[in-house]
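Heads up, the chain below is alone and in the form predicted on its own; it's given as structure tokens.
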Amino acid sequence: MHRDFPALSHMLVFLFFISLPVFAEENGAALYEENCAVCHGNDGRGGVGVPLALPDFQYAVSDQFLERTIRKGRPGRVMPAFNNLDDAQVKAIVRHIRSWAPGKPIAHPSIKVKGDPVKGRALFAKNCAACHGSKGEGGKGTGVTFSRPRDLPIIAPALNNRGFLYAASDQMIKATLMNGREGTPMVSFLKQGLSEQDINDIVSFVRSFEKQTPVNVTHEPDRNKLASVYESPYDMKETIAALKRAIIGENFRIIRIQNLDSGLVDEAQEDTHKVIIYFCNFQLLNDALAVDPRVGLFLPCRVTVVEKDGKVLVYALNPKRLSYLFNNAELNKLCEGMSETYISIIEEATL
């Protein structure tokens, strides 16, 4: 018994430690796939979102910039705020992003840049506004299909965006202006002939956006309403005929009319009391895709007609709700118009 005591002691110590709570490190790859890959690509090469794997981008931004961007997003500029993630999860995602460019990023000191924002305004108008907008509102377009050329890896960010201004330090903005971004249209303005003081003035002007009313922040009163529902005073056949007339009257072309479950069940089992009408204005479709290719998820336009319990109901998605979820201020006005069109068509057909 005495000889076995050391072995017993070791076993007790082992059991003690394996019974302790295990604080496993967050899986950054899995978190990235769940929250980021759909926009930025599985390998960080971009898509709807910017390419995060560009080495010159990675070496130019700090971990704090990435963490703050994930946390606060870019209001009205596609990138949402991920408030659902805790600090450990955010840091894990950043570590995963860094794995694509395993060099050491530039450490930006927190020293404020001192410049003249009045002079900076003139310099900004001459050197920056063509890409970033006269008011710093950023370039137009999202992704690499329809909305920007495939050979353009990134659109100019909105410098007046409160999310960007929260994430970017003065020194990071200055370093970007001085060094440029290889692989993007952003050039080195030192090489373009500006002095360091000129660049300081531009940084001061950009920072002055914080004192102005934030742009690209919208409040949609009906954004929580996922769909509009109208009761038709007519039977199923008459309602569909009235909707067809109203759709054509709004300068849309009817693409097809089918049972809602067509293709999901055998043709003989399709429910003829649930019908979906697809219609499109191709100019609207092209304009929408040029703003944000994700609108392809809810275009072409469609309404659903359902006959149930002696009632005929007409359903339409609320484009303003989807626009809000996409976090793209450019899309809001277009989706506002789409919502009004849906209402006009359905009211014309059912009132």
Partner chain sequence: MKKILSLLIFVSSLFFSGQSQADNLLMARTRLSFPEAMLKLQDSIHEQGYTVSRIQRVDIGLTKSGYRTDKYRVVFFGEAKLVKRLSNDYPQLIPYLPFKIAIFAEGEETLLIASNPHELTRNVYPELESTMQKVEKDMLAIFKSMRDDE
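Numbering follows the first chain given and starts at 1. Under this definition, the rigid core comprises the largest set of C-alpha atoms superposing within 1.5 Å between the forms. Note that this is a predicted model, so its numbers are computed, not measured.
Absent from the display: the form predicted in complex with the partner chain. The rest refers to it.
Only one of 185 to 193, 275 to 283, 131 to 139, 243 to 251 lies within 4.5 Å of the partner chain in the predicted bound form by heavy atoms, and it is 275 to 283. The candidate site formed by 34, 81 and 260 is fully in contact with the partner chain in the predicted bound form, as each residue has a non-hydrogen atom within 4.5 angstroms of it. Screening 50, 312, 290, 317 for any heavy atom within 4.5 Å of the partner chain in the predicted bound form leaves a single hit, 317. Using a 4.5 angstroms limit between non-hydrogen atoms, residue 295 touches the partner chain in the predicted bound form. In the predicted bound form, the partner chain sits within 4.5 Å of a heavy atom of residue 41. Contact annotation: residue 91 falls outside 4.5 Å of the partner chain in the predicted bound form, judged by heavy atom distances. When contacts are judged by a 4.5 Å heavy atom cut-off, residue 229 counts as touching the partner chain in the predicted bound form. Within 4.5 angstroms of the partner chain in the predicted bound form, the stretch 312 to 351 places a non-hydrogen atom from each of 315, 316, 317, 318, 321, 322, 324, 325, 326, 327, taken in sequence order. Residue 339 is among the residues whose C-alpha shifts by 2 Å or more between this form and the one not shown once the rigid core is aligned. In the core-superposed comparison between this form and the one not shown, the C-alpha atom of residue 272 has shifted by at least 2 angstroms. For residue 205, the Cα coordinates differ by under 2 angstroms between this form and the one not shown after the core has been superposed.
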